[in-house]
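In structure tokens, the next block holds one chain alone, the form predicted alone.
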């Protein structure tokens, strides 16, 4: 095996001290251009058929943190997540109460006492071709919006 001369060693050192940082910067730049995808929870939930929600009842769906209200006007979906810090509100005789910080909401989701800054949002409800009701939490609607299904 042949020994490197001083000139060859310094040439090798100069090239490696230029190429290695350039390669690392190139990799870092490429990695910066590739987006990180983080998929959140789904925004649409199948909640069942209209006949599963008897008129005059309000049903809590814990897996999607929704209250489904069925009235003569139709079916509506209201969030069960407190608008203060996102705790799940509990149903009480006069409406809803947050167990974390005590926010109180009426039965329609309006704030009765804070610290919640906004009312509980209501979401769009629609029916798919198979007759299943779907709640779209990406599309908030006006409070007390009910959808009539046959």
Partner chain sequence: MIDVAAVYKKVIRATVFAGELPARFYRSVFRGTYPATVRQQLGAVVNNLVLHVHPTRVYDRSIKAQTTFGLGLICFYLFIIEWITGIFLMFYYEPSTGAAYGRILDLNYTITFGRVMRNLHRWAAEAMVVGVALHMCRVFYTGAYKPPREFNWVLGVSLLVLTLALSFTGYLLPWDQLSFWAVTVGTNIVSYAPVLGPWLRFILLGGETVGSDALLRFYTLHVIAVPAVTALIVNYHIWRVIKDGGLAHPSENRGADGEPLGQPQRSDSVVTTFPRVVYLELLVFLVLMVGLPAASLLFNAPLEEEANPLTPSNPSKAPWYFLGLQELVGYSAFWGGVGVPTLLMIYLVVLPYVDRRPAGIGIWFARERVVMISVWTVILLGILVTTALGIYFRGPNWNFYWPWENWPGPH
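Numbering follows the first chain given and starts at 1. It should be emphasised that the depicted structure is a prediction, and the values quoted were computed from it without experimental measurement. Note that the rigid core is defined as the largest set of C-alphas that superpose within 1.5 Å between two forms.
This next part talks about the form predicted in complex with the partner chain, which is not shown.
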{"property": "Option touching the partner chain, based on a heavy atom within 4.5 Å in the predicted complex, out of 99, 28, 114, 86", "result": "28"}
{"property": "Segment assignment from 121-129, 60-68, 33-41, 87-95: heavy atom within 4.5 Å of the partner chain in the predicted complex", "result": "33-41"}
{"property": "The partner chain contact in the predicted complex: residue 14, any heavy atom under 4.5 Å", "result": "yes"}
{"property": "In the predicted complex, residue 140 touching the partner chain (heavy atom, 4.5 Å)", "result": "no"}
{"property": "Residue 134 C-alpha moves between this form and the one not shown by 2 Å or more, core aligned", "result": "no"}
{"property": "CA of residue 60, rigid core aligned, shift of 2 Å or more between this form and the one not shown", "result": "no"}
